[in-house]
Every structure is written in structure tokens, then in C-alpha cells.
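Below sits a lone chain in C-alpha cells, taken as the form predicted alone.
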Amino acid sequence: MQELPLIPGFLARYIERWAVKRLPDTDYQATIVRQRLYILPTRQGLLFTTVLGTILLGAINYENSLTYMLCFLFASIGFLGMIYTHQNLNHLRLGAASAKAVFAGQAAQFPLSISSVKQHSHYNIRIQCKATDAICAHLEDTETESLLMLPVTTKRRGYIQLGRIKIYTEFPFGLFHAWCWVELNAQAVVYPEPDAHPPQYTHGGRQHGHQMTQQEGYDDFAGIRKYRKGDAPNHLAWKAIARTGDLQTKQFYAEAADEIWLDWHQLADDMDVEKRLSVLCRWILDADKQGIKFGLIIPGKNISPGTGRQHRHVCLKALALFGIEA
């Protein structure tokens, strides 16, 4: 995360811990107020102050009124810059929503909304979460809201919280660094990382692994059956639905084949938990890609066979939260 200017790392961490104690309770929205805004000069600001001091010493030494005027003019510009930098963050409202599920190692994209309580313009606003690059946002006074995505790197499966983020700006002159810490209540599910080379899966004499082969006759029409929850929308038999008024689904030969179970206990006994979850994750993705109806068996949970995006999410989420949920 962006360090505080001209402040040693250990002191910056102490300031952050002190400031976090003053944060309001975590919510989906937060409004920045001046009581929780902080501002410090940047290196450029310190250099600017040094130059002003040198000009002032010259004016005093030579008793030159024009030099005094130049010094006071630049000082006034500096003070105005400080006020504008501070006000550029004041009265900003931030909102967050939960991100879509991702696999471990990918970046979760959290939707953020920025709006102004006072309907003022806010320029060059930087938003950053720990261990990620800052994103930039602008808000014109004619805009009611600005939407952007904040990437947060994931390392392990389970839930990831958006947590504390830093909002800062150095607009307009870069002489001052104004910032605020905000905690927003948003989270995302992180699936296990799919195994790149999983062991083969055996079912009914057919082998399925990382290169799980498509069953013969998958594209051949096998008939129509009643709709079941989880059936792919593109398999709906619209002509039959229009004729009978009942939801019906086209069936193909591959779907008519026996369903498969992706079973935790079929993996080697010496395989650790994370490796098992990674392999099962890959099997789920392969089966879903090929339209195979599959169920999942893991310790403490059995998920009935099904197909479709929602069924895949339920299975992957069960892997993501294995051993984590109470």
C-alpha cells in the first residue's frame, strides 16, 4: 500500500493503527468527513517550502519588496493548494458490493461506487487495497455516481474480505498528500486453484481426468424429457413447451448416459487436503465443460448430480469452504 510521505515505515504503521481505532463500524457504505481526513506535505511540498524560505531570506537580506511579494504570492498558492487537496476528499461517499467468485491466485474485482454528498467535483482520487496497485477515479459535479472495479489479489481458498482501503489524493499541485482509511463490508468466494495435472478419474470402465474426453454421440438428439432444475437453458425444447405448456428439455445421448460422482475417497490416501480439493476442482470444471451430469462427495457433504452454472457454483463453493464453515 502507498506509504505516507516523509514518514518512516514503523511510524506510518503506528499512525494507521491509531487511525483505524477511530473508524466507524464496517458497513457497505462510508462517508469521508474532515474529522477522519489526514494531510501531510509531500517531498515536492517540502522542496517548495524550502524554496519559499530561501526567497524570504533573500527578501529580508536585500529588503526587496518585489521579492516579498513573490514569496507571499507563492505561499498563498501553496496554502490554497493544501485546502483544495483536503477538500478533494471531503464529503466523498464510497459504497462496495461483493465480488464474483474467482479461483485462488486470481484477482477478485470488487465493484465500488463513488458519489459526492455536496455535489462537488473530485479529481484524481486514488483508491488502493493492500498488496494491489491503486486505481484512479474522477467525479464531475454533474455526475451523481462513478463506478469502478477494485482488484484484490487472492492467495488461498475461502472467503476474502475487501476490508480496509486507503483513499488518497495529491490534487491539484502534488504539494500535499491527503488520505483517509475506510473499511467496507464486502466479500467474495475464492475457489481452490484447479490442478493442472490431476490423476485420472475412473467411472464405469470409462476414464476421465484432466483430458476428460467427450462421450460419443453428445451432439445426437435422444428425445425430450421433463425439465429438471439445473438444466441448461439452451437445451429447452421450445416447440414442445409451446405445444404443451409444460417445461421440457431436449435430451442428448451423452446426457442419457449414467451420471457420475466426483468422490473425495477415490483419491490416493497420501494426498493432502488442498491437493484433493484442487483435483476435485479440475474434475468439476472438466465435467461442466462437457455437459456431463455430475455429483460431488466430500466429507460431511453430498451434492446430488446436476448440470449448469448454478450447480457448478454450488460444488465449487463447497470445495472453497471445506473445513472453514462452522
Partner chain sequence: MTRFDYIAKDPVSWVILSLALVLMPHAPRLPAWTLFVIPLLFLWRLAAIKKPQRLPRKWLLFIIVILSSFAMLVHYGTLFGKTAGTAILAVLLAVKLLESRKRRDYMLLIALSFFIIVTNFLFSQDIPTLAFMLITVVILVMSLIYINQESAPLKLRQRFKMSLTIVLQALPMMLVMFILFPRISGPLWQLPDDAHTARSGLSDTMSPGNIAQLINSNDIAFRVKFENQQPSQNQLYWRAHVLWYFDGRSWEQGKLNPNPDPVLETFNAPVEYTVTLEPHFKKWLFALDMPGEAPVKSHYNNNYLLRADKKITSLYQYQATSFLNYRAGNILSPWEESAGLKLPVHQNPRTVALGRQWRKQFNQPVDIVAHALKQFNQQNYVYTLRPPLTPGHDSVDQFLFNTRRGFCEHYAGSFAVLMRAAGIPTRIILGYQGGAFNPLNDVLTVRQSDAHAWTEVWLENQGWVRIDPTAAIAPSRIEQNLNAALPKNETRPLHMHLDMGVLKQLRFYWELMDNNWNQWVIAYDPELQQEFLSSLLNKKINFADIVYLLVFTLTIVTLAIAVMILKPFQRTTSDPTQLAYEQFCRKLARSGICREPCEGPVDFSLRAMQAHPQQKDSIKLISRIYINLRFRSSNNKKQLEKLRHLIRKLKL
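Numbering follows the first chain given and starts at 1. The structure displayed is predicted, hence computed values, not measured ones.
There is also a form predicted in complex with the partner chain; it is not shown, and the following applies to it.
Chemist: Quick one: does residue 227 come within 4.5 Å of the partner chain in the predicted complex, counting heavy atoms only?
Modeler: So residue 227 does not count as contacting the partner chain.
Chemist: So, residue 268 and the partner chain: in the predicted complex, are they within 4.5 Å at any heavy atom pair?
Modeler: Heavy-atom contact with the partner chain at 4.5 Å: absent for residue 268.
Chemist: Spell out, yes or no, whether the shortest heavy atom distance between residue 140 and the partner chain in the predicted complex is within 4.5 Å.
Modeler: It does: once the partner chain is placed as it appears in the predicted complex, residue 140 has a heavy atom within 4.5 Å of it.
Chemist: Evaluate residue 77 for contact with the partner chain in the predicted complex, applying a 4.5 angstroms cut-off between non-hydrogen atoms, and reply yes or no.
Modeler: Output for residue 77 is yes: heavy atoms within 4.5 Å of the partner chain.
Chemist: In the predicted complex, which of the listed residues (273, 57, 40, 297) lies with a heavy atom within 4.5 Å of the partner chain?
Modeler: It is 57 that has a heavy atom within 4.5 Å of the partner.
Chemist: Only one of 174, 199, 194, 95 gets a heavy atom within 4.5 Å of the partner chain in the predicted complex. Which one?
Modeler: Contact check passes for 174.
Chemist: In the predicted complex, does each residue in the set 302, 314 and 324 place a non-hydrogen atom within 4.5 angstroms of the partner chain?
Modeler: No, because 302, 314 and 324 lack any heavy atom that approaches the partner chain to within 4.5 Å in the predicted complex.
Chemist: Counting only non-hydrogen atoms, which stretch in 79-87, 155-163, 182-190, 241-249 is within 4.5 Å of the partner chain in the predicted complex?
Modeler: Among the candidates, contact is made by 79-87.
Chemist: Are there residues in 90-114 with a heavy atom within 4.5 Å of the partner chain in the predicted complex, and which are they, in order?
Modeler: Stretch hits: zero.
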